[in-house]
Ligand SMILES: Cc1cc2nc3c(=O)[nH]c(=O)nc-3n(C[C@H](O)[C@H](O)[C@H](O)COP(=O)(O)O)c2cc1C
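To begin, one chain is listed below as structure tokens, in the form predicted on its own.
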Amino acid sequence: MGMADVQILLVSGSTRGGSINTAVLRTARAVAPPGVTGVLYEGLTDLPAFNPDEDREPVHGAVTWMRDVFRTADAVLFCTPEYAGSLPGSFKNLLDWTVGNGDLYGKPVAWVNVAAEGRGEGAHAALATVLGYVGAVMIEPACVRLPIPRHAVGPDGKVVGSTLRAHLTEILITMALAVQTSTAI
């Protein structure tokens, strides 16, 4: 069975311009296999602070747009740094906006941890907690630790090195197959 038109939303938890997490997702988009489209979400800094009183129509335009891209994606791949032992505040804010309307409920998801060995565990534990709470479906074989040193990011903002790129392609294939298997019933 070939892959046919699977859209994977790529969400970085970093707002930093030179983020390795975002570089990894840019690279994933570039190395997506035929039939898989990676869509990089770039609206993290546009979202207002979550307020449950404001989570009703009409919501802020950035929230509407974020919900549209989450809804149309077949799966979501997260890549986030750790800040102060947990998720960065702006990224947690994005996740908070997904709770009330079920943006991630039943959505296949995975994560890539690019931090050096022994780092990033707090962020991924917190991410797993939130994803479980919102009812996302974890694609376990696509959840990987892939430490990437800063020097592995080239001047184009993408990760260099065929081994790292091959790992990212494999993650996307694993996610796409999981999506196709879950919708083939």
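Given the structure is predicted, the values throughout are model-derived calculations rather than measurements. Throughout, we count residues from 1 along the sequence that is shown.
The same protein has a further form, the form predicted together with this ligand, not shown here; the description that follows concerns it.
Just one of Leu164, Ile20, Ile171, Leu9 comes within 4.5 Å of this ligand in the predicted bound form, counting any heavy atom, and that one is Ile20. At the 4.5 Å threshold, heavy atoms of Pro108 stay clear of this ligand in the predicted bound form, well away from it. Contact annotation for Arg150: at least one heavy atom lies within 4.5 Å of this ligand in the predicted bound form.
This ligand in the predicted bound form is not approached by Gly38, whose heavy atoms all lie more than 4.5 angstroms from it. Though the partner is left out of this view, His60 does not reach within 4.5 Å of this ligand in the predicted bound form, counting heavy atoms only. Stretch 119 to 127 is the contacting one of 135 to 143, 119 to 127, 46 to 54, 27 to 35, since its residues have non-hydrogen atoms within 4.5 Å of this ligand in the predicted bound form.
Contacts to this ligand in the predicted bound form (heavy atom within 4.5 Å) from stretch 64 to 92: Pro81, Glu82, Tyr83, Ala84, Gly85.
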